[in-house]
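One chain comes next, on its own, written as C-alpha cells: the form predicted on its own.
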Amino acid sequence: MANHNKTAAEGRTFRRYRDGDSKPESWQEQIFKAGWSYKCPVYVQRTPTCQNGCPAGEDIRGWLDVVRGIDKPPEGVAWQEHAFRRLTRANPFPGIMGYVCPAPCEDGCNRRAVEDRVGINAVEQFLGEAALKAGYSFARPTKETGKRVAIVGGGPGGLACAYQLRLKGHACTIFESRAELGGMLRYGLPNYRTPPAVVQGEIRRIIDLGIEVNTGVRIGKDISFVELDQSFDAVFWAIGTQRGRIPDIPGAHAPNCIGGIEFLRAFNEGRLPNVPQRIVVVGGGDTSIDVTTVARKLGGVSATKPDGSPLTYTADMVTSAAVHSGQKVTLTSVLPVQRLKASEREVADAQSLDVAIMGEIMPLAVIVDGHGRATGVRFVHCMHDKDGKRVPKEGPEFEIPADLVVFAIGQVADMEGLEVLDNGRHAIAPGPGFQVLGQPRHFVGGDIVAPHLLATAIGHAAIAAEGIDALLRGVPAARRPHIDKHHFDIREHLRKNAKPVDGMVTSPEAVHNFENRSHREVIESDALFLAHFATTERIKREERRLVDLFAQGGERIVPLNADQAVAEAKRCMSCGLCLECDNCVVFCPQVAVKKVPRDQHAVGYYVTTDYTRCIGCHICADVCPAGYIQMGLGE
C-alpha cells in the first residue's frame, strides 16, 4: 500500500483503497457467492464529463480519439478530415467555437484530477482552421424527401438546424431580417473575437448544401405568420433576442442610454457614431466586456475626417487603430469582480485596456440634464441575501459621470407580428424536443428560449431537427435520453455481422460482454485508475492581450499546429471507453483477457475475456485507466 499512499499525496488516489488502509479487503465471499456475477468483467460505455458539459452535445472523446490515433481514418482520408467529420456531426462551426466558446466541456474534464484539463477548445480550433484551409465541404444528401422547412433566423441556431435537416434530405429556406447571415456571430461579437474569414467560411460551407436564403425579410412584417405556416411543412424559430434589456430605473430611457446588443450591432455594421470620453457600462457578462473593449478601442479613432467633417466609425478602422489613453470606460456589476459572469480571459483583456471595473454596486437612477440627456449614473453598494436576492447596503449613494450609458444586463426578443408565439415574456415556450407548445409543426431553439451560449443554440437545433425529421416522416418522435448528446455508437466500428450484446455471451458473432450506459450514466474521475497517467503539462495556445493586438495586429488566439494538437489530444483519458493501453492484458494473472484479432479490432472492441479462465480477481478492472471495465454483470 505504500505506493498507493504516495500517489494519494500527488492527488491521484488508487480507487480501491483509501489513505491509511494497511491491507486489502477479502473478496473470496463475493467472488464465489452463488448466483452472483462478480467473476464476470463487464465492458461498460459511459458518457465522459466533457461531453456531458458540452451544450452542443459533441462526441468530444470520439474526435479526440481520431486526433490521437486510436480511431484510424479510412484509407485515403487524412486524420484531420476524419476528426473534422466526426466533430461536425454535432457542431458545424468548429473554427468559430475555437475562438469564442468558453469551453464548459473543459470545466468538468476528469484530467483535472491528474494535473490540468485537456485543451479541448484548442484542438477544436485547430480542426476548424485545418478544414477551412483544406476546403473540406459537406456532402449533399443523395436523396431528397420533397419536404420543405422554413428556418426563421440566420444565426448559429438557424444555420445549425438547416445543416442537420439538409443532411436528412429536407429542403430548407432561411429567412433572415438583416442583410447577412450570422446573427450574434456577425452582429453581436466584435470582429477581433471571431475572424470574419472563419465566420464567412463556415457559414458558406453550410449554405453550399443547397439551402435557400432570403435576407432582409422580417417574418411577422414582410411575411405573416399565417403565410409562413401555410407555405411550409414545418418551421424552426431561431429569431434570437435582438434588443438589449433596459432596467426599470429613472432616466434609463435617455437618448444617450443604449443596450449592449444595439451598441455592438452598430459597431459591426460600421455605423457607430462618435463615442464620447466618459462611458459607463452596466453588466458583468461577456457582452458587457465586449462593449467596454470596443468603447476603449473607439477612443483611438479620430472623431473627424481630414476636412473636419464628422466621422462614422467602421469595424475595419477600429481594428487598426491604437488605444486612446484619454478614453474613460467604467464597467459596473452587482457581482464581486472575482465572480463576474464573463470569462477570465475577457476580464483580463478589459483590464489590460485600463477599463475600470467596479463590483457589488447597483444602479439606482440615470442622472439627466435639462435637455433629458444622461450625465451620470447614481449607484449604491449592494450585496446578495441568503435567498440570492440583490439588496442595497447601508451607506451613501454615489454618482459616476457619463456621457454615454450602455446597459448590458440581458436581452429580449422583438415579438411584433409574432404574438401568436409569445409566451407572455417575449419568448417562445418549447415543449418536449423543442416543439412549440400549441403549434405541432413548429419548433424553436436558441436565445429565444433562454439566452445562453452559441453552443447551446446549436444543441437545441440538433434536437429540434430530429423532431422535425420524425414529424415529416410521419413517425412518433423518439423519447429523448436522460443524457441528450451525440453518443459514440460502437456498431459503426464493428466488423461485419458483429453485434454488441448485453450479458455473458461467447458467440463469435457477438461483441465481448458489453453494456452501453452512455444515455443514462456519466463517468467521473473516481471511477478511473488515475495512477496510470503521468503528469503532462497542457499545451496552451498563445493568447494575446487586446492591448497588444490593437497595437500590433495579428491573431488574438493563435491556433496550435498539427503536432501540438496531437500531443494535446493524447492527454485525453478516454473516460468511459477503452483507451487501448494493454493494462488489462498485461496484468491478468490467468491470461483470461486477450486482444481481439487484428482484423476484428474496432474502437471500443480491443480486448475480450475468456470466462473459462477468469477467476474474478478484479485486477483488470482495477488497472483500467478509462474505467471501461466493471466487475459484476449489470450492476
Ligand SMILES: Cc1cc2nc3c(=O)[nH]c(=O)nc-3n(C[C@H](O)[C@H](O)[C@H](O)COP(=O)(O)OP(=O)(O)OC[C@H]3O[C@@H](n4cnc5c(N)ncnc54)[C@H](O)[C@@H]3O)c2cc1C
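Computed from a predicted structure; not experimentally measured. Quick note: we count residues from 1 along the sequence shown, nothing fancier.
What comes next is about the form predicted together with this ligand, which does not appear here.
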Which of these stretches, 156-164, 349-357, 71-79, 131-139, has heavy atoms within 4.5 Å of this ligand in the predicted complex? 156-164
Quick check on Phe175: any heavy atom within 4.5 Å of this ligand in the predicted complex? yes
How about Pro92: is it within 4.5 Å of this ligand in the predicted complex, going by heavy atoms? no
When the contact criterion is heavy atoms within 4.5 Å, does Thr287 count as touching this ligand in the predicted complex? yes
I'd like to know whether Arg193 contacts this ligand in the predicted complex, with contact meaning heavy atoms within 4.5 angstroms. yes
The single option of Ala465, Val281, Ala295, Met184 touching this ligand in the predicted complex, heavy atom within 4.5 Å: Met184
With this ligand left out of view, choose which of Ile428, Leu127, Val329, Ile239 has a non-hydrogen atom within 4.5 angstroms of it in the predicted complex. Ile239
Across 386-419, the residues having a non-hydrogen atom within 4.5 Å of this ligand in the predicted complex turn out to be Gln411, Leu418
